[in-house]
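What follows is a single chain, given as structure tokens, in the form predicted alone.
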């Protein structure tokens, strides 16, 4: 392990790798990425792999729109060979209450003003998009054909490969055990493989971001929350878009491989590092999804797993420097949508660390918004 670095990124998920690549590309010097497992072994590799631009805040729409633009040509942008399996089959967001329909229509006005090609669909039109959709009690839906699906492992791998070519050093199966500061400045990252002297640390540790913050004496309002997910046997293509429903708190898509991936959010899930699977999820998932997409009752479940969302109270990430500890930056708290906006987050964080103008303003994402009571609430999350 190197003894000194200009920047140490803690976390080898897609966000950490994208930040490291953009820093290296901008000439930030010696960069090290520390990952306690293998790359993408945390939330990135356990996510539902969806990518959507249908959000309810302008900044999230812009982050997603620019990320989709980059994902469409990611190997060429990174100058590496590879296929991230990006398929743009759309997202269909279902509305079951008048309040939800009103919110979706407000979202559409915002999205269309930002050149995001989403539209309102009637229940009949929604069923033309997903023929096996049960439209009972459905008031309508929004659909964006440019949303879709990408392979999180391959996206992470390409960023890591491109970063390594630019000199970034990756240390997997290496755990950060502490951070040292002096006179309010970061000085050292301690790991179980050795110490790295540095004056800049980026906390991209996902569900463990709060613990990393505490190592520097910083209390981040981020907490880990278990989310469960399953995959079925592969079948012939029958569903192009991701179906998402905030009313039933679920999402479901058919992958290019033919299997269906689906998950639900549970409002009573406690703060936890528990990533074990439960039979309760399996039964609840089956009950909810077969009501909306009845033919899926005929599929066999192959596997289920769980991962950690790094939750923020307003479901919006914390991005930027800490105001008390110089050299400490956070890129965490994504609340379940870090993968899909990681290309733009990587670019913006590198610009922030290097003191450059950011392509999109991200000052509203600072951790200080919680102390000021200025939450930046995203209404469209599962």
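It should be emphasised that the depicted structure is a prediction, and the values quoted were computed from it without experimental measurement. Positions refer to the first chain, counted from 1.
Heads up, the form predicted together with a small molecule isn't pictured, but that's what we're talking about next.
Quiz item: Heavy atoms within 4.5 Å of the small molecule in the predicted complex: which of the stretches 309-317, 22-30, 56-64, 348-356 has them?
Solution: Single hit among the candidates: 309-317.
Practice problem: Report the residue, out of 179, 205, 252, 141, that has at least one non-hydrogen atom within 4.5 angstroms of the small molecule in the predicted complex. | Solution: The option sitting close enough to the partner is 205.
Quiz prompt | Contact of residue 198 with the small molecule in the predicted complex (heavy atom, 4.5 Å) | solution = Answer no; every heavy atom of residue 198 is more than 4.5 Å from the small molecule in the predicted complex.
Quiz item: Should residue 49 be counted as a contact of the small molecule in the predicted complex, where contact means heavy atoms within 4.5 Å?
Solution: The answer is yes: residue 49 has a heavy atom within 4.5 Å of the small molecule.
Quiz item: Looking in the predicted complex, any heavy atom of residue 324 within 4.5 Å of the small molecule?
Solution: Contact check for residue 324: no, nothing within 4.5 Å of the small molecule in the predicted complex.
Quiz item: Given that the partner is absent here, does residue 212 sit within 4.5 Å of the small molecule in the predicted complex, heavy atoms only?
Solution: Flag for residue 212 set to yes.
Practice problem: Spell it out for me: taking the small molecule in the predicted complex, does every residue among 75, 160 and 343 have a heavy atom no farther than 4.5 Å from it? | Solution: Checking in the predicted complex: none of 75, 160 and 343 is within 4.5 Å of the small molecule.
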